[in-house]
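We begin with a single chain expressed as structure tokens, specifically the form predicted alone.
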Amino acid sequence: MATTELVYPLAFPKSVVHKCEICGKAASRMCSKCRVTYYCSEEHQAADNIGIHDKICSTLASLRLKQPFLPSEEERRERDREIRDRKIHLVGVTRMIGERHVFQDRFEAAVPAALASLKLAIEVHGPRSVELIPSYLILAEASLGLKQLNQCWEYLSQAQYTVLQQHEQAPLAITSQLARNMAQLSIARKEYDDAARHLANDIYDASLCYGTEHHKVAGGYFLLGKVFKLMNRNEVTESLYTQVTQMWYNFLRRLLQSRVVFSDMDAILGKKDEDDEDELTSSSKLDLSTEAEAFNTLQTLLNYRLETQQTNPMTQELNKIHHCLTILYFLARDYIQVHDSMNKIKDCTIQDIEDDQQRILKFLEQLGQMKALMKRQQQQN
């Protein structure tokens, strides 16, 4: 945990004004570890530490400290390129952490992460770039989760304005996510027709960007199912939720069948992944935000199925959801939960699930044998 050091504004030159990382007010304290991040209060420093700062403190120090003079212009350009690349990487990291906070309903923690990504994106791309929109959208989702609907609308309006100004440069992935966030705000306002319209735009753009069966499209169908449920059109919700389950089921099974799941064994054997030989494209890897979204979605689907089980028993759908959760726990290396989730699959007639279970059990057995062998060798030595 980063510690605090008090600072006094009058001690700095007139041209130097340090502002709070969270609210932008005049700072009265700073992080004593990196010494480049400032806050107006202990509360805001604590919020930033919980949300993002503890994870990027040392990196920020290397980016914000004054750089030494280099005599060669070529050396300076190379250093600037390196700093830019590191900032771009940090934008991605802070956004991913912010998204994970949102999917885990940790909305207060998501705000500092999104603000950090926004500031870094402005430094790299400028204040009017479409590259800023993902950060605005995370801030909007966090504000929505905190029931700050007006603040949510302000962030979405900024994102919308940027898209209109840079329409030809706005990627479909961004316009899709913007439409999804607009739909979430409409749901909160109980404007269900508007929400359905936004989600139609979301699904259309996401399908063009990723393909109609991609798991990133599933989020639009999932929210659309929620809208129809709120409108008491349960037959449509039933169909959409079934489709969402199948999309995540297909995606997670592909992950299971890849060699990504053997990372534990590879680590023990000292192997490293070769990017050129990786059969899994970067778009299908299970990053932290995707993992959090999957858990959130599947748990909601599971609760829905359990609630409707008495009136509409669908054992096959329940089995698929439990199997998806089994794979997620397996990928997260939570092997105790793997067995618990696997045991909830009842009367399964789907061969895919049976084959996957055998694959998981075989891997866990091999991993246990390998660890036992290494432990014996260490004791002998």
Partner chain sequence: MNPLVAAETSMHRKKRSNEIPTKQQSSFFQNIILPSKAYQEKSKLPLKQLKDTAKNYEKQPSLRKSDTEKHRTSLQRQLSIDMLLQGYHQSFRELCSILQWQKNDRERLGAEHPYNRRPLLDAEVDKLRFLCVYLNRAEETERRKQYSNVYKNYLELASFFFKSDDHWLSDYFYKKCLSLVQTYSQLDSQLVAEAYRNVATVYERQGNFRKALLNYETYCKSSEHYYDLKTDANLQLTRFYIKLSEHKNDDEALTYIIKAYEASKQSDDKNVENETCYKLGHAYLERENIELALKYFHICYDHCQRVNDYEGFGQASEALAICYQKKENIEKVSEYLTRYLQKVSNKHDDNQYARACSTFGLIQTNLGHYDSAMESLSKAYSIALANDSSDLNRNRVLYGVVNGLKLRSTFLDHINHMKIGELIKWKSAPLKNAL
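Residue numbers count along the first chain shown, from 1. Only a predicted model underlies this, so the values are computations on that prediction, with no experimental measurement involved.
Keep in mind that the form predicted in complex with its partner chain is not shown, yet the notes after this line are about it.
Of the candidate stretches 286-294, 192-200, 122-130, 136-144, only 192-200 has residues whose heavy atoms lie within 4.5 Å of its partner chain in the predicted bound form. In the predicted bound form, none of the heavy atoms of I88 sits within 4.5 Å of a heavy atom of its partner chain.
Its partner chain in the predicted bound form comes within 4.5 Å of no heavy atom belonging to Q166. The closest non-hydrogen atom of D105 lies beyond 4.5 Å of its partner chain in the predicted bound form. Not displayed here, its partner chain is kept clear of R76 by more than 4.5 Å at the level of heavy atoms in the predicted bound form. Contact with its partner chain in the predicted bound form, defined as a heavy atom within 4.5 Å, is made by none of K25, C31 and S58. Taking T300, S258, S207, Q151 one by one, only a single residue has any non-hydrogen atom within 4.5 Å of its partner chain in the predicted bound form, and it is S207. L224 is the sole member of L224, V111, I97, L178 with a non-hydrogen atom lying within 4.5 angstroms of its partner chain in the predicted bound form.
Residues of 148-183 placing a heavy atom within 4.5 Å of its partner chain in the predicted bound form: Q160 alone.
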